[in-house]
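In the form predicted alone, a lone chain appears below as structure tokens.
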Amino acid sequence: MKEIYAKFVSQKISKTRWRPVPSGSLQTVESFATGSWDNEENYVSLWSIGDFGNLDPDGGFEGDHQLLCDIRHHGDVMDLQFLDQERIVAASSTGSVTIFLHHQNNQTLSASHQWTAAHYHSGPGSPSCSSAPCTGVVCNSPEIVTVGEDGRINLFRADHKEAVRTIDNADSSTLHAVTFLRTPEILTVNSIGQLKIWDFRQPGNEPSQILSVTGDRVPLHCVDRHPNQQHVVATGGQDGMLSIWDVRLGTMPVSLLKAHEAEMWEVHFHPSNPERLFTCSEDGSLWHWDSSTDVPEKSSLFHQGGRNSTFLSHSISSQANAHQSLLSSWLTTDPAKDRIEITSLLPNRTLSVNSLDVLGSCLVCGTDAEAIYVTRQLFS
């Protein structure tokens, strides 16, 4: 990997997301959004990544990412997702969910719609409708699904003022993250280590499936679905472990991989190269995991300035199957034989790396050290 560029932005970055490139277009990745947290004033910001590698007249790199526009955000930005090329959905610690519209003609952001009390605590012991943080958002335009500390799931549509569907008391614990499995089905992770699958076609407030590590109540903070094989899911949580799940098979993860030394905040499969996966952590690390079959056997699973450890997983279930060639490499990889190669992407440990996103050959991450790191040459 070539140079990773750091920019100090005077605010703690909680979330970072690439603006999607229209499918089938030849456009390159050009901009990303960030959300901040734990600052006197928080912002949703849009950045251009510039022309990395070319020197400007003063001898500096033109590659420094430039702020295009920003807008104040009430509360911490808990999650951030692009709904489409122009609209960004932000989840707030105040319980609100806001759609921001990017006006490209004059490079400004405006709030185009807001659900002010999407998440709130109610019932005995809480003041009437006290706000609860909205902890996670996932978008499949025009649909937006939100989850929160109140254990509530909302299904919104961008053109509707009210929620299309709300599952109250979906969970008695905090829901930390959500992803679509397929259009009517979502998967949530919670603070007692459970994955739950919900089908919006079914009435009632019960999940269609619950998965967890037996006897393990370690909070899960993040989840991502394999882009091509919707039954393959990766999660990370408070113990820093990376878990790979096949939701078709039983209720246990296929493998647990010893990973970070502290909480794993985000996990992302590469959208077009899903044998590669990326994780970031409270311990200040950002890792690239490569499970592709052409990785030569290594004496250690960790490279480039990491700890002198071997990261062996214990495969909890080895459901070998006649169609192994069709399975994800994450399900067929035996780490003791094939070796998953893990590369550290940041030159030095920093404060918590809170968020990352990857698109094409570009990666961006945001940190509590008030820095944003970007590379446009992830695989070169």
Partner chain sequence: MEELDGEPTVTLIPGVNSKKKQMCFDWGPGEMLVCETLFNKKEKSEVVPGCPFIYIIRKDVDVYSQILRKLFNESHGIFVGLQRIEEELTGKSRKAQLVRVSKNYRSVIRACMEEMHQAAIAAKDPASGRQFSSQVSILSAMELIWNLCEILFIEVAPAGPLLLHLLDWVRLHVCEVDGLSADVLGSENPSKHESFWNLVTILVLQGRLDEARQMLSKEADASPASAGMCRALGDLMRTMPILSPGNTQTLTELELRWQHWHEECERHLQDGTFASSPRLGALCKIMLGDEEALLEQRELLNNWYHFLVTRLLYSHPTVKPTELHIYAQSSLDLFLGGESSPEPLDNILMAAFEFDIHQVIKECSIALSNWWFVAHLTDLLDHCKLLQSHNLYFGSNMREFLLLEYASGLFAHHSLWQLGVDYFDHCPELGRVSLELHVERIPLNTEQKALKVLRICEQRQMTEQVRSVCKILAMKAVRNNRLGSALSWSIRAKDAAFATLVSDRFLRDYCERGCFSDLDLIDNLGPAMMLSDRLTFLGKYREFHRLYGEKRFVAGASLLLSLMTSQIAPRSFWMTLLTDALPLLEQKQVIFSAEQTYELMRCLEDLTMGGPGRGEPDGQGPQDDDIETTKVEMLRLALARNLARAIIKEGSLEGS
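Residue numbers count along the first chain shown, from 1. This is a predicted model, so every value here is computed, not measured.
The form predicted together with its partner chain is left out here; the points below concern that form.
Residue-level contacts in the predicted bound form: of V164, A262, A117, A111, one residue has a heavy atom within 4.5 Å of its partner chain, and it is A262. Put simply, of N154, S291, T174, S285 only one has a heavy atom within 4.5 Å of its partner chain in the predicted bound form, and it is T174. Though the partner is left out of this view, L359 does not reach within 4.5 Å of its partner chain in the predicted bound form, counting heavy atoms only. At a distance threshold of 4.5 angstroms between non-hydrogen atoms, I192 is in contact with its partner chain in the predicted bound form. A residue is said to contact a partner when one of its heavy atoms sits within 4.5 Å of a partner heavy atom; S25 fails this definition for its partner chain in the predicted bound form, lying far away. With a 4.5 Å cutoff on heavy atoms, S93 counts as touching its partner chain in the predicted bound form. Contact with its partner chain in the predicted bound form holds for none of E3, E275 and S344, as no heavy atom of theirs lies within 4.5 Å. Contact with its partner chain in the predicted bound form, judged as any non-hydrogen atom within 4.5 angstroms, is confined among 267-275, 246-254, 143-151, 82-90 to 143-151. Residues F8, V9, S10, Q11, K12 of 4-22 are found to place at least one heavy atom within 4.5 Å of its partner chain in the predicted bound form.
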